[in-house]
Structures are given as C-alpha cells and as structure tokens.
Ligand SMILES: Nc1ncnc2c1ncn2[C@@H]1O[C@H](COP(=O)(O)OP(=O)(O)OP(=O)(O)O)[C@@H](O)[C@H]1O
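As a starting point, one isolated chain is supplied in structure tokens, in the form predicted on its own.
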C-alpha cells in the first residue's frame, strides 16, 4: 500500500532515501539466491520509519544497501539525490560519514572506553571539534543515555544493554542526516528504550534527520510516522502509523474479528489493500462470486437486494463498517449489491488471507459461521 498522498504532502522536498526497483542476490550461478525483488521506497527528511517482517524477508539486506554497506546490483537508490548504483569506493566512504549506523552486534573496540569511542567517532567531523568540545558533547550524550557513571568503562565491563547504548551514542554523536538502525532497542529495558526513542524523535523533529529502523519492538510505534512491512523480499505494505492503528481499531470492532488476538489483527492490517470507488460505482454485485472482504475507511455505500427484478435499499454503510464476509465463509454468491454513494476509500482482504485468519484457531471459523446462520 504505497502512499501516493505522502509524496503530495512532501512535494518540493528532496527525499532522504528513494529506492526504485531494487533487487539483490547472494551467490552466483547455480548457488545464486535472490533475496530482494523490485523494491520501491521513498523516505523524506524528518521521518521515522519502522521496517518489520519475518526473519529472512530482506529487511537487513535492504538496510545495508541504503547505507552503502553493500554494492548495488540492480535498480536505483538515491541518498539526498546522490545515486548509489556504481558509486565509487571513495563516494561510498564520503556518503557513510552522513549516516549513523546502529547494528545488532555492537562492534565496539575493546580497547576504548565509552567516552573515547565517541571522541574517536567525532574525528570524522569537518571541521574536527576541539578536544574540549568533543569531551563536552560526548559526556552530555552518554549522560543523556544513562551512562554517566560508565563513561570510562571499556566494553568488557559493560552489560549488553550498556554496550548497545554506547553504540547508539556513537551513531548519533555526529548528528547524521540518516540514522539506520537494526533492532536498536532489543537489548534495552523499558527506561533505556524510552531514552533512545526520545533521542530519535528529537533528531527527526529538530534536525530533520531521517530514521529507518528494523525492529519488532512495538514501543517505537508511538514515535514512528510509517511502518513498512517486508515479506519474501518484497515491500508488502507501506502505511502511516496513524492509519495502521485506525485500521486495527476498525478490525477490532468487526464482529468477524472480535476474538482475534491483537498480534493477528496487526498482521491482517498489513495484508489489506486500499482501493478507491467513485459515486455510483458498484463495489460488489449480488450473485457474483466472492473474492474479498471489505472494510470502509471513508465515505458511504448503499447495500441493496434485488428480488423479482425490483431493487430495494436495505442498509447504508460508513467508515469502520465491513461487508462481504458471508460469501467467503460459506463459499456462496454475494447476497447483496454494494454501491458507492459518495467517494469511498476501502480496504480489501483477499479470500485466502481472510479465511486463514478466522480459521486460526479452527473453532473460530465454526463459531462465526454458526452466528451468521442463527442471524439468518
């Protein structure tokens, strides 16, 4: 669900990241395995974007391509208008100076204290800060991350969470234009994780830094603008967080999903496809074979029944209301015609995905069928 309206909202801005038809494979010849397929993603300055998806879906590979840590193979990635495809080694080196990297493995030098780690990283600044300024800025950032009493400690004397916070401080100390983070809060407790999230928000809002985070940590949802979901090497969905939460709320109030866990509703929201209908346009037609479940976001639609050649209006549907599930549950033709009364924005879920959700656990599908049969 690519957000065309996002481009309109940011018209005139140069995207921080713009990837077009990006593909990537590991190995060569018979051992070659493609892991990314035709990925398109545009991220603007000041956005915090979460990337999710199952293990092996290509998230980290795409992240490392965006950060010029891997060489591009096919497609285009631009960082603030600079093309990464065929970029020279020197060009990649210069570009990385404007990126803050946070990896799952901390990659700290065992011989350097937390404070010295940041001061060494600050030597990449142009012009280089004075020793006094470097000491001051590094100290302030480490204190902000709750490491004031651990600044002189080397990695061997730090816990996993403390090492992670040092790595995060190292990534942020030079005020990068782009922050790329792979599970940055996974090893952090609630308090430390919140510190990091607040720092990301500040950098995005005050410095217009772009933050792209691969994560499964739902604590970051409140700070993020968008969530991108990857499946089998494809960007499967790309939606605004507020929109995503609204969809989950809609689904939660649908009778057919009332007993479904929040984690499953979250996955369902990623699978929905958005579609627009003009006034007078038929969304589903009585007697047709059912292929989708529908959820109205905005607008109004009319349900009508035709009997003996006479059409009768039976209901008006609006935002948050759903329809089309009965034909999918019973594998029967559509029982009514639904026509857009105004401009309608709706979300569609295909039959296979719909059935896979309500049949998990299997008893749920039987219960729902019984409810509809009794209502009829």
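Residue numbers count along the first chain shown, from 1. The model shown is predicted, which means the values in this text are computed figures rather than measured ones.
Separately, the form predicted in complex with this ligand exists; it is not shown, and the next lines address it.
You can rule out all but one of 330-338, 30-38, 304-312, 344-352: in the model of the complex, only 30-38 has residues with a heavy atom within 4.5 Å of this ligand. Shown alone here, residue 61 lies within 4.5 Å of this ligand in the model of the complex, counting heavy atoms only. Among heavy atoms of residue 56, some come within 4.5 Å of this ligand in the model of the complex. Contacts between stretch 166-200 and this ligand, counted in the model of the complex as any heavy atom lying within 4.5 Å, involve no residue at all.
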